[in-house]
Ligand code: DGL
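Next up is one chain by itself, shown in structure tokens, the form predicted alone.
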Amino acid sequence: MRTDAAPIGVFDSGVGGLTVLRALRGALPSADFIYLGDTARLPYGTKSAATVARYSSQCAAALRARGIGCLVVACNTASASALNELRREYPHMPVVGVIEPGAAAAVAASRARHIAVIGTEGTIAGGAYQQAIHRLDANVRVIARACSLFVAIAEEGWTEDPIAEAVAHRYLDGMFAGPQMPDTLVLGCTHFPLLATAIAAALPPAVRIVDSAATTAAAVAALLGAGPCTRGAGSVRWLATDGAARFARIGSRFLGEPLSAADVEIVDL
């Protein structure tokens, strides 16, 4: 299946999903994308599953109305709460979340059959990664922890600051202590790749880090049959539900290139 005809829709509660979009653009450089950040209602991670599912359905409908041919749920909380419902709503359109690819990569990477997962409160409390991992291998041990401060640190741009490493140690030291510690860590939030350096510095050197943004991009590319580019670089249309200036300012850090507020269309869901 090729993506040249219809754009790929990507949504998140805010800017975190831009790490997924960045990886997608690297994997599918000729594809067109429409990115929607539901900035008026973020964060999703502290809201109920029912609320997140409702918001996700509205985001998907807005993207579908703009002609997308594939939907990427670039939010761990939305993937946990809404992915199955979105697949029922759009049975003839590929719908890809970030949890399943990350879980599969973690199971493949872990030699000790012991995996740690970090994410937002909603993702961890819902147990989505734990369940996805155990569907693949019921014998894997999984420990999980909510690391909510990482989100704020990433959005403040303090990813290379000593505070990032200090917080990483506070969250992770207890998880990676003793001879039976996990050998694989899943970054179960799209903000967390920005903190990969600080997180790695707080881990024993043999621990493998699984980035759900990169694994999701690889899964989408495989699903859509990515091949050699047959045309020039694809485009991105930017949508947000509030705060174009803030979306552009913070989003530039996540995307790794400048965004202009003038290019962000504010939409009402």
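This one's a predicted model, so the numbers in the text were calculated from it and none came from an experiment. When you see a residue number, it is the position in the sequence shown, counting from 1.
The form predicted together with D-glutamic acid (DGL) exists for this protein as well; it is not shown, and the discussion that follows is about that form.
*Asks:* Using a 4.5 Å heavy atom cut-off, indicate which stretch of 41 to 49, 215 to 223, 202 to 210, 63 to 71 touches D-glutamic acid (DGL) in the predicted complex.
*Replies:* One stretch meets the cut-off, namely 41 to 49.
*Asks:* So in the predicted complex, does any heavy atom of V151 sit within 4.5 Å of D-glutamic acid (DGL)?
*Replies:* Yes, V151 lies within 4.5 Å of D-glutamic acid (DGL) in the predicted complex.
*Asks:* Taking heavy atoms only, is T123 within 4.5 angstroms of D-glutamic acid (DGL) in the predicted complex?
*Replies:* Because a heavy atom of T123 falls inside 4.5 Å of D-glutamic acid (DGL) in the predicted complex, the answer is yes.
*Asks:* Can you work out whether A103 and D-glutamic acid (DGL) are in contact in the predicted complex, taking contact to mean some heavy atom pair no more than 4.5 Å apart?
*Replies:* Outside the cut-off, so no.
*Asks:* Mark C189 yes when one of its heavy atoms lies within 4.5 Å of a heavy atom of D-glutamic acid (DGL) in the predicted complex, and no otherwise.
*Replies:* Yes, C189 lies within 4.5 Å of D-glutamic acid (DGL) in the predicted complex.
*Asks:* Does any residue in 73 to 94 get within 4.5 Å of D-glutamic acid (DGL) in the predicted complex, counting heavy atoms only, and if so which ones?
*Replies:* Counting only heavy atoms within 4.5 Å of D-glutamic acid (DGL) in the predicted complex, the contacting residues of 73 to 94 are C75, N76, T77.
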